[in-house]
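Next up: a single chain in structure tokens, the form predicted alone.
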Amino acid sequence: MFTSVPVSVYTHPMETFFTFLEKRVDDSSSLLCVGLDPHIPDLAEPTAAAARDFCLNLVKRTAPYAAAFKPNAAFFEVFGAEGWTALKQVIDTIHEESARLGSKIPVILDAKRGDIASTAEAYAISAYETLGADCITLNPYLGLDSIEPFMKYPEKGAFLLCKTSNAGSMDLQNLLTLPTDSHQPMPLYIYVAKLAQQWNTNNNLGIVVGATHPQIMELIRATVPDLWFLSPGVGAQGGELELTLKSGLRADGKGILIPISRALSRAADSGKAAAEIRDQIVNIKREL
């Protein structure tokens, strides 16, 4: 059932996460989200310092072409407390690079959190205040009260897992549901998209829609024409850039972020690779 969110809980400032993101998209002419995934085999040595340096190199080279950066918490957590410090240093450096460029580049913490009450509040404080991230990925399985602590920061954002890029997403996300206020069954991913649209009272909530399912992405876009998508899966997982943009772009030519990680970090020149992907996106959008 689609329950309404009490409006009194939220403020409605002019600046929200997605107004910041859309400014950056305009400034950079880009929908590229640079993934910061310091896989241990890619590092000079298996240490937190090496993970930090790996990411700082990527940040410096790709920042002009990035609409956002997406560090994956797991690749830092694997190094324990030192890894957490390294993650904070990476996020701080992105903020410094934003100041240097004169354009705020949002940091999306890929952590896929999902819990309730005071635990969710602690996760929100950890991501937004302690680490300084601008956005986070969340698992919506526990419902609205697990999301609310993150939505109370209008200038910070969250992307809810809706239809993920992995093959196992079929196990749960494709199940047919029959909401109590509907006579028509719908896939769970459509129900999650509708909930996200309803909960997005602060213009700071989007959804994760994998690029590996373009037909499903098209269906979700038709259901929620205004929501922002975070769409992993282009490149290493087999998703195609042109098909993804065709399926996921909003009418205004925005509304979708394309995370790319290994194709940049393993390129001979990551800055040049980022520029080429950004230009590809611009050219595809022009043709569409």
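Quick caveat, the model's predicted, so the values are computed rather than measured. Sequential numbering from 1, following the sequence displayed.
The same protein also has a form predicted together with another copy of the chain, omitted here; what follows describes it.
Out of the listed residues M151, A111, I91, I216, A111 is the one that sits within 4.5 Å of another copy of the chain in the predicted complex by at least one heavy atom. Remark: F159 does not count among the residues lining another copy of the chain in the predicted complex, judged by a heavy atom distance of 4.5 Å or less. Using a 4.5 angstroms threshold between heavy atoms, N200 stays clear of another copy of the chain in the predicted complex.
At a distance threshold of 4.5 angstroms between non-hydrogen atoms, T212 is out of contact with another copy of the chain in the predicted complex. Another copy of the chain is not shown here, and in the predicted complex it never comes within 4.5 Å of any heavy atom of L101. Within 4.5 Å of another copy of the chain in the predicted complex, a heavy atom is found for not a single one of C135, L227 and S261. Interface residues of 81-100, taken as those with a heavy atom within 4.5 Å of another copy of the chain in the predicted complex (partner not displayed): A81, W84, T85, in sequence order.
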